[in-house]
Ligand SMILES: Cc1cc2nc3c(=O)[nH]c(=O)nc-3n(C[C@H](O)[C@H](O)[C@H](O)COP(=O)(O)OP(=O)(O)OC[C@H]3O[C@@H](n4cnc5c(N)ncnc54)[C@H](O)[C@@H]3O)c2cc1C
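Only one chain comes next, encoded as structure tokens, the form predicted on its own.
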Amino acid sequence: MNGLFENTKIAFASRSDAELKKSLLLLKLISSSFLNKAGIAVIKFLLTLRLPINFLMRRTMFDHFCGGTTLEESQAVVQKLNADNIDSCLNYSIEGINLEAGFDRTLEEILRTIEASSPELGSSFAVFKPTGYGSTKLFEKVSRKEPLTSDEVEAWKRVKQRFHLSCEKAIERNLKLLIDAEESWIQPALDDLLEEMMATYNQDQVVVYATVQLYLKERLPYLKKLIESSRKAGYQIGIKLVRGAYLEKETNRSLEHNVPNPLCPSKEATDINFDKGLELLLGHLDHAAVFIGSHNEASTLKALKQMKNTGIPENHPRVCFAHLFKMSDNISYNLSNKGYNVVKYLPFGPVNKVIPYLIRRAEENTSVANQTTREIELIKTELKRRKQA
């Protein structure tokens, strides 16, 4: 497997010189901690002034990280990826909703996305963010097991109904449904809700996937417990395995509230946690399906080695490797070329409404500087190879 991810000709075959140069410029900006933070600060300031910044965002981060402004526009990207044997997961990436009308609109868009997706068209997965279906405050209150007011009881019923409607639509379209994780302090309510969904819809097949963030110390024990409890209860589990997306927020909250930091003590500890979780799931494919959301080459190679050593075929239907659109193409395209199942996470939505997602994405990249540096070097290598060809 050594050298598997070094083939830049395969990795970037679908991208022109101009596209690669544009990506290179943006990644250099993101990789600079100072420029990244300054850029994010400028964007937030312009937003507070309610100035139109759609053109700026569309020409930079949006085009790099997103498939389009609409579902229809994104379908062209889905078709292009499908031509390279790479599946897509369309992600309606709107965040920061707080009103019931907004939750209903998000549900409508998610259902429309699921309706427009199918394995035959190159999109076998759908996804939604739980706080797109209910308020963070409500999830937090349910997580703390606090009594709900009558209005909150009704609101929680509507949250559950939105979850059920999404699962039912996914089954109708023969899709798998990924449900994102949230911050640790609202995760308990989400765990209970997702276990309820998996017990309902994962009887004969794996439809619902819960997201497990393994930068949280307690999630590996939770994963072990979930495997055991679901076996006893007679349902299967789907797991989207990731390291984690709220590093700074989790740390800042633990300091503000003077509570223990829930994160692993180091990047190395997180890597160990992730690899153990992945090894565990690959050893239980009779009962679990795993969606491996990682840009980490070392973890990917360990998974490939385990698959080979234990006789798991490259195209096993319960194993897929997933990466963000236009990120880690050296992993995505080279894995696909070897016959593994690969999915690209494809965010879309109106530019102004996707800005919170894009800001979070840029902030996350400051914590994975080595990954961004790797992307930059690979693009430089490919541009040099093309020039010499």
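A quick note: this is a predicted structure, and the numbers were derived from the prediction, not measured. One rule holds for the numbers: they count along the sequence shown, beginning at 1.
Quick note: we don't show the form predicted in complex with this ligand, though the next part is all about it.
(request) Taking 4.5 Å between heavy atoms as the contact cutoff, choose which of Y215, Y235, F103, F139 touches this ligand in the predicted bound form. (result) Looking at the other structure, the residue within range turns out to be Y215.
(request) Only one of C167, L247, L226, L175 comes within 4.5 Å of this ligand in the predicted bound form by heavy atoms, so just point that one out. (result) The residue in contact is L247.
(message) Is N252 part of the interface with this ligand in the predicted bound form - any heavy atom within 4.5 Å?
(response) So N252 does not count as contacting this ligand.
(message) My question is simply whether Y340 lines the interface with this ligand in the predicted bound form - judged by any non-hydrogen atom within 4.5 Å.
(response) The answer is no: Y340 has no heavy atom within 4.5 Å of this ligand.
(message) Whether K267 contacts this ligand in the predicted bound form should be assessed with a 4.5 Å heavy atom distance threshold; does it?
(response) Although this ligand is absent here, K267 would touch it in the predicted bound form, with heavy atoms inside 4.5 Å.
(request) Although this ligand is absent from this view, report whether T381 comes within 4.5 Å of it in the predicted bound form, heavy atoms only. (result) Contact check for T381: no, nothing within 4.5 Å of this ligand in the predicted bound form.
(request) Could you tell me if all three of N98, V159 and I186 have a heavy atom no more than 4.5 Å from this ligand in the predicted bound form? (result) No: none of N98, V159 and I186 comes within 4.5 Å of this ligand in the predicted bound form.
(message) Looking at 347-355, 318-326, 332-340, 65-73, which stretch has residues with any non-hydrogen atom within 4.5 Å of this ligand in the predicted bound form?
(response) Only one stretch qualifies here: 318-326.
(request) Could you list the residues in 283-311 that come within 4.5 Å of this ligand in the predicted bound form, counting only heavy atoms and keeping sequence order? (result) Contacting residues: F291, G293, S294, H295, N296.
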